[in-house]
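Next comes just one chain, in C-alpha coordinates: the form predicted alone.
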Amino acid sequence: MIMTDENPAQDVLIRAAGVSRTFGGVTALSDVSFELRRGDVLGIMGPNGAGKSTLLSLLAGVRRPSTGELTVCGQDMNRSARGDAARNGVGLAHQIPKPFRQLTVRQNVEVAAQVVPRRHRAAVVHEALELTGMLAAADRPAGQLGLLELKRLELARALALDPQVVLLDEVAAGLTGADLDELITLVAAVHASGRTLVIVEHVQEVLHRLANRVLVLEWGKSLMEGTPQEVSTDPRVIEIYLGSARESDEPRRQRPPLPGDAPALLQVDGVSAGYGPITVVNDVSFTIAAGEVLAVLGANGAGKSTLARTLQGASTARTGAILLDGEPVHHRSAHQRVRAGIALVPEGRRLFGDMTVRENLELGLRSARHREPLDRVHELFPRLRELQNRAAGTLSGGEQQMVAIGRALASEPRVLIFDELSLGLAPLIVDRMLDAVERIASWGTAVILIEQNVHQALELADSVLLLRRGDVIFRGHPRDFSEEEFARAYLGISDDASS
(Lines give C-alpha, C1' and ligand atoms only; values in the text may rest on other atoms or scores of the structure.)
Protein backbone atom coordinates (compact mmCIF):
# COMPACT_ATOMS: atom_id res chain seq x y z
CA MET A 1 0.00 0.00 0.00
CA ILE A 2 1.46 3.34 -1.04
CA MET A 3 1.13 6.19 1.45
CA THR A 4 1.35 9.75 0.17
CA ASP A 5 1.24 13.19 1.73
CA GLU A 6 -2.20 13.67 0.14
CA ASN A 7 -3.56 10.69 2.08
CA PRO A 8 -2.23 10.94 5.65
CA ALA A 9 -2.80 8.13 8.14
CA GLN A 10 -5.75 8.72 10.46
CA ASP A 11 -6.79 6.65 13.44
CA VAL A 12 -10.53 6.78 12.76
CA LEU A 13 -11.23 5.97 9.13
CA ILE A 14 -15.04 5.81 9.28
CA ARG A 15 -17.27 7.79 11.62
CA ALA A 16 -21.05 7.45 11.31
CA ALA A 17 -23.27 9.54 13.59
CA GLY A 18 -27.06 9.13 13.36
CA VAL A 19 -26.92 8.13 9.68
CA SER A 20 -30.23 7.53 7.94
CA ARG A 21 -31.20 6.89 4.35
CA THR A 22 -34.69 7.02 2.87
CA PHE A 23 -36.04 6.12 -0.54
CA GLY A 24 -39.29 7.99 -1.06
CA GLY A 25 -41.41 7.05 1.94
CA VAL A 26 -39.28 4.01 2.84
CA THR A 27 -36.61 4.27 5.53
CA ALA A 28 -33.87 1.80 4.65
CA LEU A 29 -31.39 2.96 7.31
CA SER A 30 -32.22 4.79 10.53
CA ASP A 31 -29.96 6.52 13.06
CA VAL A 32 -26.94 4.23 12.67
CA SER A 33 -23.76 5.21 14.51
CA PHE A 34 -20.36 3.51 14.72
CA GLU A 35 -16.64 4.12 14.32
CA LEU A 36 -14.05 2.12 12.40
CA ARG A 37 -10.42 2.54 13.41
CA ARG A 38 -7.38 1.76 11.35
CA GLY A 39 -6.63 -1.95 11.40
CA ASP A 40 -10.16 -3.02 12.37
CA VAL A 41 -12.13 -5.74 10.59
CA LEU A 42 -15.80 -4.86 11.01
CA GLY A 43 -18.46 -7.40 10.04
CA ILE A 44 -21.97 -6.22 9.20
CA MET A 45 -24.79 -8.74 9.44
CA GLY A 46 -28.57 -8.87 9.63
CA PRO A 47 -31.52 -10.60 7.95
CA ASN A 48 -33.02 -9.60 4.60
CA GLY A 49 -34.15 -5.98 4.60
CA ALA A 50 -31.87 -5.04 7.50
CA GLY A 51 -30.13 -2.24 5.56
CA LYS A 52 -26.73 -3.85 4.97
CA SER A 53 -26.52 -3.07 1.27
CA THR A 54 -27.75 0.47 1.83
CA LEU A 55 -25.07 1.10 4.46
CA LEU A 56 -22.37 -0.30 2.18
CA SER A 57 -23.54 1.94 -0.67
CA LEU A 58 -23.16 4.98 1.61
CA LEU A 59 -19.65 3.95 2.65
CA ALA A 60 -18.71 3.43 -1.00
CA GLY A 61 -20.04 6.84 -2.00
CA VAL A 62 -22.67 5.42 -4.34
CA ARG A 63 -25.38 7.23 -2.36
CA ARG A 64 -25.44 10.05 0.16
CA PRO A 65 -27.00 9.88 3.63
CA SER A 66 -30.43 11.50 3.93
CA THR A 67 -29.62 12.68 7.47
CA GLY A 68 -26.78 12.29 9.94
CA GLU A 69 -23.03 12.67 9.51
CA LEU A 70 -20.76 10.22 7.71
CA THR A 71 -17.03 10.64 7.26
CA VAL A 72 -14.94 8.08 5.37
CA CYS A 73 -11.15 8.45 5.11
CA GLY A 74 -11.49 12.09 6.11
CA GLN A 75 -14.12 12.86 3.48
CA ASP A 76 -17.60 14.20 4.24
CA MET A 77 -19.83 11.70 2.44
CA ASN A 78 -22.83 14.04 2.77
CA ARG A 79 -21.22 16.27 0.14
CA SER A 80 -19.27 13.76 -1.93
CA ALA A 81 -19.84 12.94 -5.59
CA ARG A 82 -19.78 9.47 -7.13
CA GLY A 83 -16.19 8.39 -7.56
CA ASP A 84 -14.82 10.57 -4.76
CA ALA A 85 -14.62 7.63 -2.34
CA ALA A 86 -12.63 5.53 -4.83
CA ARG A 87 -10.14 8.36 -5.31
CA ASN A 88 -9.95 8.96 -1.59
CA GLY A 89 -9.05 5.47 -0.35
CA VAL A 90 -12.12 3.21 -0.51
CA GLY A 91 -12.22 0.00 -2.55
CA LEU A 92 -15.32 -2.15 -3.05
CA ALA A 93 -15.37 -5.86 -4.00
CA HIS A 94 -18.78 -7.01 -5.22
CA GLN A 95 -20.63 -10.26 -4.53
CA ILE A 96 -20.87 -11.25 -8.20
CA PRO A 97 -17.67 -10.41 -10.13
CA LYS A 98 -18.34 -8.70 -13.46
CA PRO A 99 -14.94 -8.13 -15.07
CA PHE A 100 -14.34 -7.15 -18.67
CA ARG A 101 -14.32 -10.72 -19.94
CA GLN A 102 -12.40 -10.01 -23.15
CA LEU A 103 -9.63 -8.17 -21.31
CA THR A 104 -6.81 -9.94 -19.52
CA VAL A 105 -6.57 -10.10 -15.75
CA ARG A 106 -3.85 -7.42 -15.80
CA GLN A 107 -5.85 -5.14 -18.07
CA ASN A 108 -8.87 -5.40 -15.77
CA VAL A 109 -6.73 -4.36 -12.81
CA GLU A 110 -5.12 -1.54 -14.83
CA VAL A 111 -8.57 -0.15 -15.67
CA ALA A 112 -9.43 -0.03 -11.96
CA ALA A 113 -6.09 1.68 -11.18
CA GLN A 114 -6.90 4.77 -13.27
CA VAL A 115 -7.77 6.73 -10.11
CA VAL A 116 -4.21 6.24 -8.77
CA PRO A 117 -1.56 8.86 -9.69
CA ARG A 118 0.20 7.76 -12.89
CA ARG A 119 3.60 7.46 -11.23
CA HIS A 120 2.24 4.84 -8.80
CA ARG A 121 0.00 2.78 -11.11
CA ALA A 122 2.45 0.10 -12.19
CA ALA A 123 3.47 -0.60 -8.59
CA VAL A 124 -0.14 -0.67 -7.39
CA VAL A 125 -1.21 -3.07 -10.17
CA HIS A 126 1.72 -5.37 -9.46
CA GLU A 127 1.00 -5.37 -5.72
CA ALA A 128 -2.72 -6.10 -6.29
CA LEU A 129 -1.94 -9.05 -8.57
CA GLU A 130 0.73 -10.40 -6.26
CA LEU A 131 -1.30 -10.08 -3.08
CA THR A 132 -4.32 -11.84 -4.61
CA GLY A 133 -2.23 -14.61 -6.17
CA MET A 134 -3.14 -13.60 -9.73
CA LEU A 135 0.30 -12.74 -11.12
CA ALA A 136 0.59 -16.13 -12.83
CA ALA A 137 -2.80 -15.56 -14.50
CA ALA A 138 -2.16 -11.92 -15.41
CA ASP A 139 -2.21 -12.53 -19.18
CA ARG A 140 -5.29 -14.79 -19.23
CA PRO A 141 -8.62 -13.40 -20.46
CA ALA A 142 -10.94 -12.83 -17.52
CA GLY A 143 -13.62 -14.85 -19.31
CA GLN A 144 -11.58 -18.01 -18.85
CA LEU A 145 -11.38 -17.79 -15.05
CA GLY A 146 -13.12 -20.10 -12.60
CA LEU A 147 -15.20 -18.80 -9.70
CA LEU A 148 -12.41 -18.62 -7.10
CA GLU A 149 -10.10 -16.88 -9.59
CA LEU A 150 -12.89 -14.41 -10.39
CA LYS A 151 -13.20 -13.67 -6.68
CA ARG A 152 -9.43 -13.08 -6.55
CA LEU A 153 -9.66 -10.76 -9.55
CA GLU A 154 -12.53 -8.83 -7.94
CA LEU A 155 -10.36 -8.27 -4.86
CA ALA A 156 -7.41 -7.28 -7.06
CA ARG A 157 -9.57 -4.66 -8.79
CA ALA A 158 -10.57 -3.23 -5.42
CA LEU A 159 -6.92 -3.18 -4.31
CA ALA A 160 -5.95 -1.41 -7.54
CA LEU A 161 -7.48 1.74 -6.06
CA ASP A 162 -4.71 1.62 -3.40
CA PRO A 163 -7.39 1.81 -0.71
CA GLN A 164 -7.12 2.37 3.01
CA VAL A 165 -10.55 0.76 3.53
CA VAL A 166 -11.74 -2.29 1.58
CA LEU A 167 -15.47 -3.01 1.53
CA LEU A 168 -16.34 -6.66 0.88
CA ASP A 169 -19.91 -7.32 -0.23
CA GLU A 170 -20.64 -11.04 0.30
CA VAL A 171 -17.47 -12.07 -1.51
CA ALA A 172 -17.77 -15.64 -0.14
CA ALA A 173 -21.04 -16.24 -2.00
CA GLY A 174 -20.98 -19.52 -3.92
CA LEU A 175 -17.77 -20.85 -2.33
CA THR A 176 -17.54 -23.94 -0.14
CA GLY A 177 -14.89 -26.21 1.33
CA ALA A 178 -11.30 -25.58 0.29
CA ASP A 179 -12.28 -22.63 -1.94
CA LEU A 180 -13.90 -20.87 0.99
CA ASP A 181 -10.81 -21.51 3.13
CA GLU A 182 -8.62 -20.04 0.38
CA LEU A 183 -10.76 -16.92 0.18
CA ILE A 184 -10.66 -16.42 3.95
CA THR A 185 -6.86 -16.78 3.87
CA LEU A 186 -6.73 -14.22 1.05
CA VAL A 187 -8.89 -11.70 2.91
CA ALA A 188 -6.70 -12.17 5.99
CA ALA A 189 -3.65 -11.39 3.82
CA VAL A 190 -5.33 -8.23 2.52
CA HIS A 191 -5.91 -7.15 6.12
CA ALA A 192 -2.31 -7.98 7.05
CA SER A 193 -1.11 -5.74 4.20
CA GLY A 194 -2.35 -2.73 6.14
CA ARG A 195 -5.92 -2.39 4.93
CA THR A 196 -8.93 -1.86 7.16
CA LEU A 197 -11.90 -4.04 6.24
CA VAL A 198 -15.69 -3.83 6.31
CA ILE A 199 -17.27 -7.21 5.54
CA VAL A 200 -20.95 -7.68 4.73
CA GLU A 201 -21.38 -11.43 4.74
CA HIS A 202 -24.04 -14.13 5.07
CA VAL A 203 -21.46 -16.90 5.49
CA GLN A 204 -21.01 -16.64 9.25
CA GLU A 205 -17.77 -18.62 9.20
CA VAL A 206 -16.14 -15.67 7.43
CA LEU A 207 -17.10 -13.25 10.20
CA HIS A 208 -16.09 -15.66 12.95
CA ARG A 209 -12.63 -16.15 11.44
CA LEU A 210 -11.89 -12.60 10.31
CA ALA A 211 -13.89 -9.91 12.14
CA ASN A 212 -12.87 -8.45 15.47
CA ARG A 213 -16.21 -6.61 15.75
CA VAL A 214 -19.65 -7.18 14.25
CA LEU A 215 -22.43 -4.63 13.78
CA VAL A 216 -25.91 -6.19 13.64
CA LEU A 217 -28.67 -4.36 11.79
CA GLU A 218 -32.39 -4.99 12.07
CA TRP A 219 -34.91 -3.10 9.91
CA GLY A 220 -32.35 -0.39 9.22
CA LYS A 221 -31.41 0.16 12.85
CA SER A 222 -28.38 -0.90 14.85
CA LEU A 223 -29.38 -3.77 17.12
CA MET A 224 -26.01 -4.37 18.77
CA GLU A 225 -22.25 -4.36 18.27
CA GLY A 226 -19.78 -6.85 19.72
CA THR A 227 -17.35 -9.64 19.01
CA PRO A 228 -18.50 -12.43 16.66
CA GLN A 229 -18.91 -14.71 19.68
CA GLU A 230 -20.97 -12.15 21.62
CA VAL A 231 -23.17 -11.45 18.63
CA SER A 232 -23.86 -15.06 17.64
CA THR A 233 -24.95 -16.01 21.17
CA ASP A 234 -26.99 -12.89 21.93
CA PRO A 235 -30.71 -13.75 22.39
CA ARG A 236 -31.78 -10.69 20.40
CA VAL A 237 -29.72 -11.73 17.39
CA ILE A 238 -30.93 -15.31 17.60
CA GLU A 239 -34.51 -14.06 17.66
CA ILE A 240 -34.19 -11.87 14.55
CA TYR A 241 -32.70 -14.80 12.64
CA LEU A 242 -34.92 -17.58 13.99
CA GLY A 243 -37.99 -15.54 14.91
CA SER A 244 -40.07 -15.89 18.06
CA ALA A 245 -42.84 -18.27 18.97
CA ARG A 246 -46.44 -17.04 18.97
CA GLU A 247 -47.87 -15.88 22.29
CA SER A 248 -51.23 -17.50 21.53
CA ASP A 249 -51.92 -20.95 22.98
CA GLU A 250 -54.39 -21.60 20.17
CA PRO A 251 -52.84 -24.16 17.78
CA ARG A 252 -52.47 -22.79 14.27
CA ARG A 253 -52.38 -26.17 12.60
CA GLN A 254 -55.79 -27.70 11.99
CA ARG A 255 -54.89 -30.37 9.42
CA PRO A 256 -54.57 -34.00 10.47
CA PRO A 257 -51.10 -35.55 10.14
CA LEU A 258 -50.24 -36.83 6.67
CA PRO A 259 -50.13 -40.61 6.28
CA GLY A 260 -46.60 -41.95 6.10
CA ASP A 261 -47.24 -43.53 2.71
CA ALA A 262 -48.68 -40.40 1.04
CA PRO A 263 -47.59 -40.42 -2.63
CA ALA A 264 -45.21 -37.69 -3.82
CA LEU A 265 -46.85 -34.91 -5.82
CA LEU A 266 -43.60 -33.00 -6.47
CA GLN A 267 -40.27 -34.79 -6.65
CA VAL A 268 -36.94 -32.95 -6.80
CA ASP A 269 -33.86 -35.06 -7.57
CA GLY A 270 -30.31 -33.69 -7.39
CA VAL A 271 -31.14 -30.16 -8.51
CA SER A 272 -28.32 -27.62 -8.74
CA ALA A 273 -28.74 -23.99 -9.86
CA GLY A 274 -26.99 -20.64 -9.74
CA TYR A 275 -26.11 -17.44 -11.54
CA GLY A 276 -23.15 -17.04 -13.89
CA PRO A 277 -20.18 -18.89 -12.39
CA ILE A 278 -21.77 -19.15 -8.95
CA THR A 279 -23.56 -22.32 -7.87
CA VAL A 280 -26.12 -21.28 -5.26
CA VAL A 281 -28.09 -24.54 -4.84
CA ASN A 282 -26.19 -27.81 -4.90
CA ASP A 283 -27.65 -31.30 -5.35
CA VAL A 284 -30.99 -30.68 -3.59
CA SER A 285 -33.46 -33.56 -3.36
CA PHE A 286 -36.85 -33.87 -1.64
CA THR A 287 -40.45 -34.92 -2.18
CA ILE A 288 -43.71 -33.29 -1.12
CA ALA A 289 -47.21 -34.74 -1.08
CA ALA A 290 -50.59 -33.10 -1.68
CA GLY A 291 -51.64 -31.15 1.41
CA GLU A 292 -48.12 -31.21 2.88
CA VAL A 293 -46.29 -28.12 4.13
CA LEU A 294 -42.54 -28.25 3.58
CA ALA A 295 -40.62 -25.51 5.42
CA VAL A 296 -37.43 -24.53 3.58
CA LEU A 297 -35.14 -22.85 6.09
CA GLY A 298 -31.65 -21.43 6.19
CA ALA A 299 -29.70 -18.22 6.73
CA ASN A 300 -29.52 -15.42 4.17
CA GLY A 301 -27.59 -16.65 1.17
CA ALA A 302 -28.37 -20.32 1.83
CA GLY A 303 -30.06 -20.68 -1.57
CA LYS A 304 -33.74 -20.64 -0.58
CA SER A 305 -34.94 -18.06 -3.10
CA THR A 306 -32.83 -19.60 -5.85
CA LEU A 307 -34.46 -22.95 -5.13
CA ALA A 308 -37.90 -21.34 -5.31
CA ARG A 309 -37.13 -19.68 -8.65
CA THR A 310 -35.71 -22.92 -10.03
CA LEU A 311 -38.81 -24.92 -9.06
CA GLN A 312 -41.05 -22.28 -10.61
CA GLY A 313 -38.96 -21.99 -13.79
CA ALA A 314 -37.62 -18.45 -13.47
CA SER A 315 -34.13 -19.98 -13.13
CA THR A 316 -32.88 -23.02 -15.02
CA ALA A 317 -31.68 -26.11 -13.18
CA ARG A 318 -28.10 -26.95 -14.13
CA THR A 319 -28.43 -30.55 -13.01
CA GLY A 320 -31.13 -32.85 -11.71
CA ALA A 321 -34.81 -33.35 -12.38
CA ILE A 322 -38.12 -31.84 -11.21
CA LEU A 323 -41.17 -34.09 -11.59
CA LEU A 324 -44.82 -33.21 -11.01
CA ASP A 325 -46.98 -36.33 -10.61
CA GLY A 326 -44.15 -38.33 -12.13
CA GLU A 327 -43.90 -36.13 -15.24
CA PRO A 328 -40.65 -34.15 -15.80
CA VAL A 329 -41.22 -30.38 -15.80
CA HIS A 330 -37.66 -29.07 -15.41
CA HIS A 331 -37.41 -28.52 -19.17
CA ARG A 332 -40.60 -26.41 -19.22
CA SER A 333 -40.80 -22.62 -19.10
CA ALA A 334 -42.19 -20.73 -16.11
CA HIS A 335 -45.63 -20.14 -17.68
CA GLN A 336 -45.86 -23.80 -18.70
CA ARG A 337 -45.15 -24.83 -15.11
CA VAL A 338 -47.90 -22.51 -13.89
CA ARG A 339 -50.30 -24.27 -16.25
CA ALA A 340 -49.03 -27.63 -14.97
CA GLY A 341 -49.79 -26.55 -11.39
CA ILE A 342 -46.68 -24.92 -9.85
CA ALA A 343 -47.13 -21.31 -8.70
CA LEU A 344 -44.88 -18.89 -6.82
CA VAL A 345 -45.69 -16.05 -4.45
CA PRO A 346 -42.43 -14.14 -4.97
CA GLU A 347 -40.37 -12.26 -2.43
CA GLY A 348 -41.35 -8.59 -2.64
CA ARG A 349 -44.82 -9.43 -4.11
CA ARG A 350 -44.04 -7.90 -7.55
CA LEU A 351 -47.50 -6.57 -8.24
CA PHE A 352 -48.42 -4.17 -11.01
CA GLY A 353 -48.87 -1.07 -8.88
CA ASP A 354 -50.85 0.98 -11.41
CA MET A 355 -53.32 -1.83 -12.04
CA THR A 356 -56.31 -2.50 -9.78
CA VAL A 357 -56.54 -5.38 -7.35
CA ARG A 358 -59.05 -7.09 -9.64
CA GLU A 359 -56.74 -6.72 -12.65
CA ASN A 360 -53.77 -8.12 -10.74
CA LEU A 361 -55.82 -11.13 -9.64
CA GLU A 362 -57.15 -11.73 -13.15
CA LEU A 363 -53.59 -12.02 -14.43
CA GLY A 364 -53.34 -15.29 -12.53
CA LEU A 365 -56.38 -16.88 -14.19
CA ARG A 366 -55.76 -19.65 -16.68
CA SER A 367 -58.71 -18.40 -18.71
CA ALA A 368 -60.56 -15.08 -18.58
CA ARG A 369 -63.81 -17.04 -18.83
CA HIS A 370 -62.99 -19.39 -15.96
CA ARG A 371 -63.38 -17.08 -12.94
CA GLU A 372 -64.35 -19.58 -10.23
CA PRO A 373 -60.84 -19.49 -8.65
CA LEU A 374 -61.46 -15.84 -7.72
CA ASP A 375 -64.37 -16.93 -5.53
CA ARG A 376 -61.96 -19.02 -3.46
CA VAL A 377 -59.52 -16.08 -3.27
CA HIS A 378 -62.27 -13.81 -1.96
CA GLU A 379 -63.36 -16.51 0.48
CA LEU A 380 -59.80 -16.63 1.83
CA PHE A 381 -59.32 -12.84 1.78
CA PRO A 382 -62.74 -11.08 1.87
CA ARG A 383 -60.93 -7.74 2.10
CA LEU A 384 -59.82 -8.07 -1.52
CA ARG A 385 -63.43 -7.87 -2.72
CA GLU A 386 -63.72 -4.49 -1.01
CA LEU A 387 -60.43 -3.32 -2.51
CA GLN A 388 -60.95 -4.70 -6.02
CA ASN A 389 -61.05 -1.27 -7.71
CA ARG A 390 -58.09 0.17 -5.81
CA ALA A 391 -54.67 0.46 -7.44
CA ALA A 392 -52.43 -2.24 -5.98
CA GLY A 393 -49.63 0.26 -5.41
CA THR A 394 -51.77 2.21 -2.91
CA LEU A 395 -52.35 -0.77 -0.61
CA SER A 396 -50.61 -1.58 2.67
CA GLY A 397 -47.93 -4.25 2.78
CA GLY A 398 -50.33 -6.83 4.21
CA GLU A 399 -52.99 -6.07 1.61
CA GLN A 400 -50.42 -6.34 -1.18
CA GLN A 401 -49.35 -9.73 0.15
CA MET A 402 -52.99 -10.86 0.02
CA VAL A 403 -53.11 -9.82 -3.64
CA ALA A 404 -49.85 -11.66 -4.40
CA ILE A 405 -51.19 -14.84 -2.78
CA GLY A 406 -54.56 -14.42 -4.50
CA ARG A 407 -52.91 -13.98 -7.91
CA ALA A 408 -51.03 -17.25 -7.43
CA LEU A 409 -54.17 -19.04 -6.21
CA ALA A 410 -56.08 -17.84 -9.27
CA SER A 411 -53.98 -20.25 -11.35
CA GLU A 412 -55.36 -23.17 -9.30
CA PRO A 413 -51.95 -24.46 -8.24
CA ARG A 414 -51.30 -27.96 -7.00
CA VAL A 415 -47.96 -26.80 -5.58
CA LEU A 416 -47.70 -23.29 -4.13
CA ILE A 417 -44.33 -21.80 -3.19
CA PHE A 418 -44.12 -18.89 -0.75
CA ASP A 419 -40.81 -17.02 -0.92
CA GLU A 420 -40.21 -14.99 2.28
CA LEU A 421 -43.89 -14.71 3.13
CA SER A 422 -43.49 -12.51 6.21
CA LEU A 423 -40.79 -10.13 4.90
CA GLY A 424 -41.63 -6.55 5.84
CA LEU A 425 -44.93 -7.38 7.55
CA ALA A 426 -46.07 -6.59 11.08
CA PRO A 427 -46.42 -9.59 13.46
CA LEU A 428 -50.24 -9.46 13.46
CA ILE A 429 -50.30 -9.53 9.65
CA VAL A 430 -47.78 -12.38 9.61
CA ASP A 431 -50.14 -14.39 11.81
CA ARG A 432 -52.96 -13.84 9.31
CA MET A 433 -50.78 -14.85 6.37
CA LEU A 434 -49.65 -18.06 8.07
CA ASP A 435 -53.25 -18.89 8.99
CA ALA A 436 -54.00 -18.53 5.27
CA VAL A 437 -51.16 -20.94 4.45
CA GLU A 438 -52.68 -23.53 6.81
CA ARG A 439 -56.04 -23.18 5.11
CA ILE A 440 -54.52 -23.48 1.63
CA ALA A 441 -52.76 -26.69 2.68
CA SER A 442 -56.04 -28.03 4.06
CA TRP A 443 -57.46 -27.75 0.53
CA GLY A 444 -54.93 -30.37 -0.57
CA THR A 445 -52.41 -27.94 -2.04
CA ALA A 446 -48.76 -28.85 -1.50
CA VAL A 447 -47.05 -25.85 0.11
CA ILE A 448 -43.35 -24.98 0.07
CA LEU A 449 -42.91 -22.31 2.73
CA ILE A 450 -39.73 -20.20 2.75
CA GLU A 451 -40.02 -18.22 5.95
CA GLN A 452 -37.71 -16.17 8.18
CA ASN A 453 -39.54 -17.00 11.38
CA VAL A 454 -38.32 -20.52 12.11
CA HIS A 455 -40.58 -21.07 15.12
CA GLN A 456 -43.78 -20.20 13.30
CA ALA A 457 -42.80 -22.10 10.16
CA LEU A 458 -42.22 -25.22 12.24
CA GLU A 459 -45.71 -24.86 13.74
CA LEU A 460 -47.18 -25.46 10.29
CA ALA A 461 -44.64 -27.77 8.74
CA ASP A 462 -45.02 -31.48 8.12
CA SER A 463 -41.37 -31.65 7.06
CA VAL A 464 -38.28 -29.46 7.02
CA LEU A 465 -35.50 -28.84 4.52
CA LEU A 466 -32.56 -26.93 6.02
CA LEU A 467 -30.03 -25.36 3.64
CA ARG A 468 -26.56 -24.10 4.42
CA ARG A 469 -24.58 -22.46 1.63
CA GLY A 470 -26.69 -24.26 -0.95
CA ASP A 471 -26.35 -27.74 0.54
CA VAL A 472 -29.07 -29.71 2.32
CA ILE A 473 -27.87 -30.30 5.88
CA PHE A 474 -31.16 -31.62 7.27
CA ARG A 475 -34.30 -33.14 5.79
CA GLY A 476 -36.96 -34.63 8.02
CA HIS A 477 -39.64 -33.99 10.64
CA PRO A 478 -39.56 -30.72 12.62
CA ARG A 479 -39.40 -32.53 15.96
CA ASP A 480 -36.13 -34.22 14.98
CA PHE A 481 -34.10 -31.03 14.86
CA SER A 482 -33.14 -28.84 17.82
CA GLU A 483 -33.06 -25.07 18.07
CA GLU A 484 -29.35 -25.26 18.93
CA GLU A 485 -28.67 -26.95 15.59
CA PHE A 486 -30.68 -24.29 13.79
CA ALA A 487 -28.64 -21.60 15.57
CA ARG A 488 -25.43 -23.21 14.36
CA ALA A 489 -26.76 -23.30 10.80
CA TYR A 490 -27.93 -19.69 10.88
CA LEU A 491 -25.26 -18.02 13.01
CA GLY A 492 -22.24 -20.28 12.81
CA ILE A 493 -22.25 -20.90 16.56
CA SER A 494 -19.69 -23.54 17.52
CA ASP A 495 -20.50 -26.49 19.73
CA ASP A 496 -18.48 -24.88 22.53
CA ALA A 497 -20.40 -21.64 22.27
CA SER A 498 -23.78 -23.29 22.33
CA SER A 499 -23.04 -25.56 25.27
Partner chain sequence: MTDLTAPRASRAPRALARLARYGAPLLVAVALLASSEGLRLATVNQLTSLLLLAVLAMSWNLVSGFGGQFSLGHSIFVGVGGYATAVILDLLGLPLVVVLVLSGVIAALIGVVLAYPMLRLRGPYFAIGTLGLALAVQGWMLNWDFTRASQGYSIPLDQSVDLLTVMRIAVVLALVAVIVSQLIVDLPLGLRLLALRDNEDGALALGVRRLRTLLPTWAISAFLVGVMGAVVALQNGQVTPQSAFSIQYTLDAVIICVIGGLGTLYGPLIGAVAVFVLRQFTADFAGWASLIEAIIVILIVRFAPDGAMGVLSGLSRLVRRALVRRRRLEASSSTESTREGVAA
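Residue numbers count along the first chain shown, from 1. What you see is a predicted model; the values in this text were computed from it and never measured.
Unshown form predicted together with the partner chain; subsequent notes refer to it.
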Exactly one stretch in 69 to 77, 382 to 390, 85 to 93, 200 to 208 has heavy atoms within 4.5 Å of the partner chain in the predicted complex; which is it? 85 to 93
Among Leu428, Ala178, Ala136, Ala192, which has at least one heavy atom within 4.5 Å of the partner chain in the predicted complex? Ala136
Listed residue that, although the partner chain is not shown, lies within 4.5 Å of it in the predicted complex (heavy atoms), from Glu127, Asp269, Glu239, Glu110: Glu110
Flag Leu147 as yes or no: does it have a non-hydrogen atom within 4.5 angstroms of any non-hydrogen atom of the partner chain in the predicted complex? no
Considering non-hydrogen atoms and a 4.5 Å limit, does the partner chain approach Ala123 in the predicted complex? no
Taking heavy atoms only, is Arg157 within 4.5 angstroms of the partner chain in the predicted complex? yes
Does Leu161 make contact with the partner chain in the predicted complex, using a 4.5 Å heavy atom cut-off? yes
Hey, which residues along 90 to 122 are within 4.5 angstroms of the partner chain in the predicted complex, non-hydrogen atoms only? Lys98, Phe100, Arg101, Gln102, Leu103, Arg106, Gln107, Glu110, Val111, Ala112, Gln114, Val115, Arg121
